[in-house]
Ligand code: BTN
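Next up: a single chain in C-alpha cells, the form predicted on its own.
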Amino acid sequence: MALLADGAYHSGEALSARLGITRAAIWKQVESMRERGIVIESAGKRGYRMTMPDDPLFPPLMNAPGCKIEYSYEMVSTNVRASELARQGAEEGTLALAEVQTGGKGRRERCWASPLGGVWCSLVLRPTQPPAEAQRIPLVTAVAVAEACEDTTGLKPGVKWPNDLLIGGRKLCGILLEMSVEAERVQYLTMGVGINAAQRGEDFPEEIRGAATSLAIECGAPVKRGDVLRAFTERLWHWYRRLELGGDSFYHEVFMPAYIARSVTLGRDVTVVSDEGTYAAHAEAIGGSGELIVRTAAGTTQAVWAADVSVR
C-alpha cells in the first residue's frame, strides 16, 4: 500500500523484489485493495499505480498548523495509530491522517464507515488539566469542526451532545475521545475526528444513507478536504490553548456560550439510552466536566455522562 501511495507506476517485478514475495502474491494484494474500493490502475509493462483523489490529504499539500503529521493512504484506525504513537512518546500535536480507514470506530465500539472522500484523523494531546476537566476537550473539538465547516463552506452544523455534528438531522461528523490516565493525571489522549466531506450519497453504506450526510451533499458542490482540515486544526488550537490557559472561567464564560449557540440538544426533550436503561427527559444544561444535565419526567435532575441521547 505505502509503495503505491506516491501515485507513480511500479512494476510487479519491482514490487515483488522490494517486498520479498511472488508476483502472484502482489496481484492478490492488488485485487484485495480493489475490493476495498481503492482504485489501482494497471498498464502493460509499467505495472500498477494507485489513483489518488483530486484533493489528497497529503502532508506536502496540507501543512496543518501546529501538527506533526503521520500520513498513510490507508489505516485500520487513525485513533489506534495515534494511541500507538502516544505510547511511544509522540509529542502533543501529532496527527494520524488517512484517506481510508478499514476499521474506523465510533462511540461504544460502533463501526464508522470511512471511505475515500472523508477527513479521517486523530490528534495526540497531552493536556495539563485533571481527567474530569479533560472531558471538556471533545466539546471544544466539536465547536472547532463546526466553525471549520462554516468557514470553508458557509454551512452551519449543529452540535448534538456531546460532540456529534448534524445538518438537517443527519450526521456530518463524529468525534471519539480515548484517554490514558495514571495516578489521576492524563498521560495522553487521542481525539479522533471523522468528517464526511466530499462523499456522495452512494459512497455511504446503504444502511446509513438516510442518517448520514456530507459537506459536498449539503453544498451541492465539490469540497476541498485539505481546506476543511486546515481550518479545523486552526480552530482547534485556538480553543484548546485558550482552554489550557483559562481554566474554569474561560470554559464557563467564553467557551460554553459558543457551544450552547450551536447546540441542538439543550432546551429540547430527549431520550437517554444508557447501560442503566432508557428514559425520557428534558436537556437543561452542560456541567463543568462536559456532562449533560437533564430533568426526568419525575422532576429529578440527573447528570448524563456516557449515553446515547436523541432529540425527540
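As the structure is a prediction and not an experimental result, all values here were calculated from the model. Sequential numbering from 1, following the sequence displayed.
The same protein also exists as the form predicted in complex with this ligand; that form is not shown, yet it is the one meant from here on.
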Contacting member of T233, S122, T141, T213, with respect to this ligand in the predicted bound form [4.5 Å, heavy atom]: S122
Residue among V193, V228, L172, L95 with a heavy atom within 4.5 Å of this ligand in the predicted bound form: V193
Close approach of K105 to this ligand in the predicted bound form, 4.5 Å, heavy atom: yes
Contact label in the predicted bound form: Y71 to this ligand, heavy atom within 4.5 Å: no
Partner contact for D164 in the predicted bound form: this ligand, 4.5 angstroms, heavy atom: yes
S77, heavy atom within 4.5 angstroms of this ligand in the predicted bound form: yes
Stretch in contact, per heavy atom within 4.5 angstroms of this ligand in the predicted bound form, of 83-91, 96-104, 145-153, 237-245: 96-104
